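One chain follows as structure tokens, the form predicted alone.
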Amino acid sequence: MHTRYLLSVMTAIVVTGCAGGAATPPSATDAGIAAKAEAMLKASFKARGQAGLDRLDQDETQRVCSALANKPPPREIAEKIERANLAMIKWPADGKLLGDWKNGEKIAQEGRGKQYSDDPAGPVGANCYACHQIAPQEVSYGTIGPSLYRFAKVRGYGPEIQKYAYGKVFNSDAYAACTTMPRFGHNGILTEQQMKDVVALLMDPESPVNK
């Protein structure tokens, strides 16, 4: 409840323009236009397969970040977003953060799982290569996110880095407010075991990531 209230206040702050100088409350006309635009947006989407209209419902973090219109959040707001999302991470009950890196590689390569045309019972992947360089044998990869090649070899293999990697996969906004990286655990995209396997891909010394 406290987290939702905090982020609701932050949304109001961002919308009223505190990020730059004096706040200017939106006019009734602006609010009306925004409401009509949202209604039009929702009316243009149709539920198909597993892609329901609930995907249009934003949580508090998404509302704040959307209000910023792709601009980096002010430092104070960014820190509050990160603290709120860090508190929502569910760490493995068994305390183990690493799984099988070979399975992690398959998950990183897999892009299916959440589109309306995908089988809900079929494989769900993270599609990591769409945004990152991971292993040297990949000749095609995305550049939206930073290169993850030699992730642990550069940062170390210790428990703190393992925890950071797991937390980042679970809820990326806990470490970089308004990031474009999906919140794989928070949004139920990947299972706990899948996230462990992806973390192992980043952290295992035998993984091609660290060769």
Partner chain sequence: MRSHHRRAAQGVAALFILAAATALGQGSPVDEIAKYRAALQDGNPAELWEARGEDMWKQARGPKKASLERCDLGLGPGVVKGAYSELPKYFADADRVQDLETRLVWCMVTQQGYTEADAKKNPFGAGNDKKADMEALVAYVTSESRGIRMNVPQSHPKEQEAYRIGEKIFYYRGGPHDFGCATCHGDDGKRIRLQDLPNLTKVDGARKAYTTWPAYRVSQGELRSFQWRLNDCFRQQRFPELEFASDASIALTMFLARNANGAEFDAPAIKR
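Positions refer to the first chain, counted from 1. All values derive from a computational prediction rather than experimental measurement.
Keep in mind the form predicted together with its partner chain is missing from the figure; the text below concerns it.
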Looking in the predicted complex, is its partner chain within 4.5 angstroms of a heavy atom from every one of Cys65, Ser117 and Asp173?
yes
Taking 4.5 angstroms as the cut-off for heavy atoms, does Arg155 touch its partner chain in the predicted complex?
no
Answer yes if any heavy atom of Gln109 is within 4.5 Å of a heavy atom of its partner chain in the predicted complex; otherwise answer no.
yes
Contact with its partner chain in the predicted complex for Glu138, defined as at least one heavy atom pair within 4.5 Å: yes or no?
yes
Since only the chain is shown here, I'm wondering whether Ser147 would be in contact with its partner chain in the predicted complex (any heavy atom pair within 4.5 Å).
no
Any residue of 189 to 208 with a heavy atom within 4.5 Å of its partner chain in the predicted complex counts; write them all down in order.
Ile189
